[in-house]
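In structure tokens, the next block holds one chain alone, the form predicted on its own.
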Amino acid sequence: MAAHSCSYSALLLIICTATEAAGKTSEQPAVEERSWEATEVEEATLHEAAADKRDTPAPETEAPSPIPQPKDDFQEELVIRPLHSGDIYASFQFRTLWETDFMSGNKVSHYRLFPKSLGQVISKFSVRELHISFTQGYWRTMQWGQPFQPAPPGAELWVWFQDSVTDVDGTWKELTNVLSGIFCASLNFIDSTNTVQPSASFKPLGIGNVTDHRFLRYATLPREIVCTENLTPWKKLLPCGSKAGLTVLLKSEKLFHSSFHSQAVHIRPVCQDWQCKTTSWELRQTLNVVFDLHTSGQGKREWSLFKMFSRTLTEACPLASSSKIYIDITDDPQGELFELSPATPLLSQAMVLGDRRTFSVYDLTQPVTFGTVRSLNLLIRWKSSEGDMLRPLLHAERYVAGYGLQTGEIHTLMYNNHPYRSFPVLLLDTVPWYLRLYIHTLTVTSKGKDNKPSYIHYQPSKDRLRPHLLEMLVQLPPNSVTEVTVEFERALLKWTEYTPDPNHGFYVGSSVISSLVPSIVAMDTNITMDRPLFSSFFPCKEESSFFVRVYTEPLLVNLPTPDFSMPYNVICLTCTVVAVGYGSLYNLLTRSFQIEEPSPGLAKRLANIIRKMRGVPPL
């Protein structure tokens, strides 16, 4: 279980070369030279101030009591990465940190930055960690690389409950209904048929060594459609809403007109300081979007904030202590591939997914960032289309094989692109009960040879009660493709269990692959440094590896489907027979017949009229 020796990773290295002369010029905007962003100055200043305060003798007169500092903090940032395909990857990170205790049982009544709706959910349902995501589209790893925070297509929800919860299943059901109302989603369709208890794939991301998987629940809805009604309540959780700061860029018609869109909410307890003497609750809201060059209709490789979001930035969120924009310029350090304007003198380096990346930094809390026009519109203009993207070290895909509607095979391919290092991966597969797995047909092959898993956890399904759960720890040889194959049989559902469009097929959730991938460069594990939010979500103490979670494509499987048009045909035929046969017979039995004389001709009627006028009886 070497893959789980540490909690998850992606650590940061900030290079600070602030000399005494650079410190004097840092107060004014540099124009001619770029300078590295010093992120430890604030911490050092606080320590110096505390030391000066201790050295200074206390005055004889009693000083007025200081104003209590708020125990919550809000940060926002935007990371923009130009992709080699010409597309643009934009990642929003919003972090709310609150020094409070939801686990003590004390009722929290005053909320400042932390949303009250989520705080009440944590308190009522005794939630230790909550992770929820809504994704539209599939992340193309081989074209775009690894995302900062991966998510499967559709909706994903996994929750760690506190050990004081007695009825975990009942609490889980109530929690999904409440979250369904908060996010305007179909989470109320989560029940026992699509919920599992992973034993090793999902560990707590916050503090605490809770490893009892009885308090963990994981579920996905691969067919969930993400739209504006999901984005609106997500934005309302932010302190500034969509009125100021980076949230003004979140325009729905632009975000959903993209190749990939994913929004998530992560809640976990974290350490307040490096000694972890006090704890805080972290709410991290993320939104990732990839804009396609061809669907935008521009016809040229040129992007700007206004073209992507139809908005420009005019100010930071007034409640944010930090508001920054990071532009990834690692592949273009000399400005030969693309041009970035306006230029910024601040640079920052961070360890992201095992690679040292360089970013241009725009601090929105500084008025000089917006210039004289009080508006910031970043422009990226490509000069050349050259350059190759490094292949991701870990990649996976999945598909269904076979013919007919009785049996089939599920194939999962895991690629290890590292040239000389092998590493273990943990595979999690959740298969619905109506696909009956033949677990004795499970095979794992690498380079044409059998690859025996070192750990297997399998929980068989129960019809209409729970799905299949399969977890395996597999060692991937270097520069190889490992294939996992298992056969299944399709079940015949009741006619009331089919969806309104049964011929479309039934979705099977994505496979989850977790691994500690060997890093090319040594990673910095100094957690006291001020790191960008996008690089500090998966903490890890390993210096030679970084954590990666990969999701495969969801499967679309056809089941034996009856002809639902036959009831309609039977109803039409029956109604026709009843109308023609029984209707005619009933008409003959109930009709009364009367003899009527034929009507007289026109000449006779005229003669009768004349006779009537003369007072003579009619003919």
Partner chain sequence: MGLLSDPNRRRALISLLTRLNAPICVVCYMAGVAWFMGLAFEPFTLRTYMSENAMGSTMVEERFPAGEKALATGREFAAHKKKAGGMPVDWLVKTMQSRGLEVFTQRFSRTLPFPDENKERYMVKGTNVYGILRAPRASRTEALVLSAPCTPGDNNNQAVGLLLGLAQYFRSQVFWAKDIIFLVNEHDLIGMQAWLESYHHTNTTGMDWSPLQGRGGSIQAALSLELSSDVITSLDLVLEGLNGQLPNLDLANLFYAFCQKIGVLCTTQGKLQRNDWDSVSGYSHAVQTMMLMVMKQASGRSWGDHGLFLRYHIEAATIKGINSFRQYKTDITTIGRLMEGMYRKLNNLLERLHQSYFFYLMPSLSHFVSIGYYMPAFGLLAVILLLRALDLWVQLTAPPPRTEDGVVDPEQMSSPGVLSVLTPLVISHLTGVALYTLPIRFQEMAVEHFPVSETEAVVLTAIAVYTAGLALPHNTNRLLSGGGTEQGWKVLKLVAVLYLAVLLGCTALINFSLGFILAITLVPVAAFVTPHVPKFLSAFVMIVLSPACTLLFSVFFFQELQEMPISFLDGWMLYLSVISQGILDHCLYGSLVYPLIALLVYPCWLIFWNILFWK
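Numbering follows the first chain given and starts at 1. Definition used throughout: the rigid core is the maximal C-alpha set that superposes within 1.5 Å between two forms. Small disclaimer: the values here were computed from a predicted structure and weren't measured.
There is another form of this protein, the form predicted together with its partner chain, and it is not shown here; the text below is about that form.
- Three-residue candidate spot Gln143, Tyr399 and Tyr507; every residue lies within 4.5 angstroms of its partner chain in the model of the complex by at least one non-hydrogen atom.
- Contact with its partner chain in the model of the complex, judged by any heavy atom within 4.5 Å, is made by just one of Thr358, Ser259, Gln459, Gln149: Ser259.
- Of the listed positions (Pro467, Pro153, Gly354, Gly245), a single one reaches within 4.5 angstroms of its partner chain by any non-hydrogen atom in the model of the complex, namely Pro153.
- Although the partner is absent here, Tyr138 sits close enough that one of its heavy atoms falls within 4.5 Å of its partner chain in the model of the complex.
- Using a 4.5 angstroms threshold between heavy atoms, Thr278 stays clear of its partner chain in the model of the complex.
- Using a 4.5 Å cutoff between non-hydrogen atoms, Tyr420 does not count as a contact of its partner chain in the model of the complex.
- At the 4.5 Å threshold, heavy atoms of His411 reach its partner chain in the model of the complex.
- Contact with its partner chain, judged by heavy atoms within 4.5 Å in the model of the complex, is confined among 497 to 505, 358 to 366, 170 to 178, 112 to 120 to 497 to 505.
- Once the cores line up, the CA of Val577 ends up 2 angstroms or more apart between this form and the one not shown.
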